[in-house]
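Shown below, as structure tokens, is a lone chain in the form predicted alone; questions about how it binds or moves come after it.
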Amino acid sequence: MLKVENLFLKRGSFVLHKLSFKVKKHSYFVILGQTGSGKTMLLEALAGLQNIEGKIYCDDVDVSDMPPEKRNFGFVYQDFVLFPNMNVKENIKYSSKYKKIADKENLFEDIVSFLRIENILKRDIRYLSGGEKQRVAIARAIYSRPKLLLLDEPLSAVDPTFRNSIMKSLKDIVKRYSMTIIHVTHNFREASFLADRVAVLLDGKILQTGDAYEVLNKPKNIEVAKFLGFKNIFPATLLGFDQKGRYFSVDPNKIGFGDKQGEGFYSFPCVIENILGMSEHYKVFAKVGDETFFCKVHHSAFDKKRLKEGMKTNMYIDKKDVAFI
């Protein structure tokens, strides 16, 4: 549906570095990156709000130089950008002033019911909560029947108590309205729940793209792994591999202490350096050679092992719990 080839954009000192990716029709595509990585800048480039180098194709049509109003893309900004001089109903129906909306009355009623905003249609925009503004902004975008819906951090201003219900609504939009969505966020949970595919954008570069589960659980490089919060990243030589430049990571909850041998495990002699007691577990820092592993040991297991600072023992990892990078 959407194909981006070597998209280059420089604004001030920041650069989007020849980005290339594809988004399938009627799919939910999440661009995941930290603040300042260029996510909003990329959405604006796709929408036609920035002059770019490279190519953007929508349904095999080159839209690279096409003005925003001709692309038929919907855009929901992080701060919603609702019209303050219009009430909720007028905001939603605004696009019908400049384009023909197919079956617009039935569409309007369906959107209002779908997003559960029947009771606020006459309300002034100034008196809406963050979650209500978000629903109205999404309703307005859907009502314009765009080919592609661009969402810029759509849940950042939403009260956490309503976040799950709005995420469910966003997920359902794709099938209900036969729409394709590109959603940018820094939130891993959003990406995990919503995305069919994920692209990781860091410092203006796409470092990994693929199936959501694969990207979030099997990072291809250290930069992505660190961004995703992977812990215990060490050279694979520690496990006996001789490939330089290869690394592995293991979840702190998946590390055990004691004698466990066998082909299914990696086992190392270690020294317990530090122990910090937490409400549900102990944080244990164990030295293996020159590397220090961070481990989480639940109280019951900790009491059985009788771990102490300075103690020499064995540490083991189930091979299936090791992620190679």
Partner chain sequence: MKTDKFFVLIFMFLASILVLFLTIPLIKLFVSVGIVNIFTTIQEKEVYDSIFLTLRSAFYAVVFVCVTGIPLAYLIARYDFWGKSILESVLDIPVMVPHTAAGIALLIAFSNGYFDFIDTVTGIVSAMMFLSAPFLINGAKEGFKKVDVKYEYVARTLGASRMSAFFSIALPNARNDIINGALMMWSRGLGEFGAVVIIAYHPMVAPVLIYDRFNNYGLKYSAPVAASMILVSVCLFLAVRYVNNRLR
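Residue numbers count along the first chain shown, from 1. Treat the numbers as computed from the prediction; the structure is a model and nothing was measured.
Beyond the structure shown, there is the form predicted in complex with its partner chain, which is absent from this document and is the topic of what follows.
- Of the candidate stretches 190-198, 98-106, 220-228, 238-246, only 98-106 contains residues with a heavy atom within 4.5 Å of its partner chain in the model of the complex.
- Each of 44, 82 and 94 places at least one heavy atom within 4.5 Å of its partner chain in the model of the complex.
- At the 4.5 Å threshold, heavy atoms of residue 49 reach its partner chain in the model of the complex.
- In the model of the complex, its partner chain sits within 4.5 Å of a heavy atom of residue 69.
- Its partner chain in the model of the complex is approached by residue 77, whose closest heavy atom lies within 4.5 angstroms of it.
- Contact check for residue 140: a non-hydrogen atom falls within 4.5 Å of its partner chain in the model of the complex.
- Contact with its partner chain in the model of the complex, judged by any heavy atom within 4.5 Å, is made by just one of 232, 185, 144, 208: 144.
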